[in-house]
Structures are given as structure tokens and as C-alpha cells.
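Take a look at this one chain, the form predicted alone, written out in C-alpha cells.
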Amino acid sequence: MAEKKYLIKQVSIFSENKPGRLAAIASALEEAGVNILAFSIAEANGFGVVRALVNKPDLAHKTLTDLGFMVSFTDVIAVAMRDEPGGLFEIARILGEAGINIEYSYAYSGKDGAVLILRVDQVEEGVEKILAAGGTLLDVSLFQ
């Protein structure tokens, strides 16, 4: 069983894809004192899904549902990745060879290196395989 300390609670917010909706989400989170650490937006048929890592996921969920947004949680993992050619390949190869599908991902890069956020179909097995291959996963406490 994978260590729960690597399972990060991602907030997914479902909204109409129209001007001002992202601003409304960001404003509500700002007013609640919730910091957005990373996010991505996907669009389909006039609706959007904002996937976000925040420092206070439970407060974000309550704040946004109180405003009428549909919000859910998803467990994701954050993998430290080499910020150079081949960094993504290393992680994708480990998971692919283990038969673990990457459902979606997004990444960010900063002064401390690159981080790949992954939603995989077998999250606990994904954690185990990455650790076994010498990969570095970020602890959930870094996102709180």
C-alpha cells in the first residue's frame, strides 16, 4: 500500500466556459485566504474544468460549493522531474512499463526545479513504482 503522504487532494471546479468565471473562482479563493499553487484548465462543449492544487482544499471546496460551483476532489501525485530534455520521458517510461495509465497531467517549473502533477489510473501503484525506480515524490505537506 502506497504511503498516503504522497496523495495530494486536487480540487476540480466545473464551470461554464465564459468570460469572468475564472476571475470569480480566483476572487472567491482569494477572499477565503486560499492560495492556488498550480492549476490547469480543460474545455469541452462550452464547459471548463479548473484543476487546482491549493493550500486549503477543504476550505476551497466549501467556499466554491457555497457559491454554486460543482467541486470535487481527486488524488494526484507530484513528481520531482529533471528540468531538462528527457525529464518527462523518465517518469512516463516508469509508469508505462508498469502498465499505469496517465489520465492527465500538468507541470510547473521554478527555481527549485520542475514538478509534474499526475492523475494516474492506479495511484498507489504509481507511487510505489516511481519510488522503487528512485524517483522523488513531493509530500502532501508541501501543498498545505
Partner chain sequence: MWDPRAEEMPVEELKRLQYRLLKTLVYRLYSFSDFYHARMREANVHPDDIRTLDDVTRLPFMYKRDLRDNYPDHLFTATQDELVRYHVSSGTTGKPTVVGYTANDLENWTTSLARSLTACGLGRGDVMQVSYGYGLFTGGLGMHYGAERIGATVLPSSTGNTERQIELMQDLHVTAIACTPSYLVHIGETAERMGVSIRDDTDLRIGVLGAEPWSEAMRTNLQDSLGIRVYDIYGTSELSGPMFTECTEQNGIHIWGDLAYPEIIDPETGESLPAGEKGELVMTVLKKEALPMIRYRVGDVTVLDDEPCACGRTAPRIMRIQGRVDDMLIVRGINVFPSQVEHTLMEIPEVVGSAFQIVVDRKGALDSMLVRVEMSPEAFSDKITDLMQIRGKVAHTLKSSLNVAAQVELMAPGALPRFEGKAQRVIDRRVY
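Numbering follows the first chain given and starts at 1. Just so it is clear, the structure is predicted and the values come from calculations on it, not from any experiment.
What follows is about the form predicted together with its partner chain, which we do not show.
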- [ ] Tell me, out of I94, I36, V49, A80, which residue has a non-hydrogen atom within 4.5 angstroms of its partner chain in the predicted complex.
- [x] V49
TODO: Using heavy atoms only and a 4.5 Å cut-off, determine which of E30, D58, E103, D66 is in contact with its partner chain in the predicted complex.
DONE: E103
Task: Contact segment among 37 to 45, 80 to 88, 108 to 116, 22 to 30, judged by heavy atoms lying within 4.5 Å of its partner chain in the predicted complex - done: 37 to 45
Open item on the list: Taking its partner chain as it sits in the predicted complex, is V127 near enough to touch it, meaning that at least one heavy atom pair lies within 4.5 angstroms?
Closed with: no
Task: Residues in 3 to 25 close to its partner chain in the predicted complex, defined by a heavy atom within 4.5 Å, in order - done: Q10, S12, I13, F14, E16
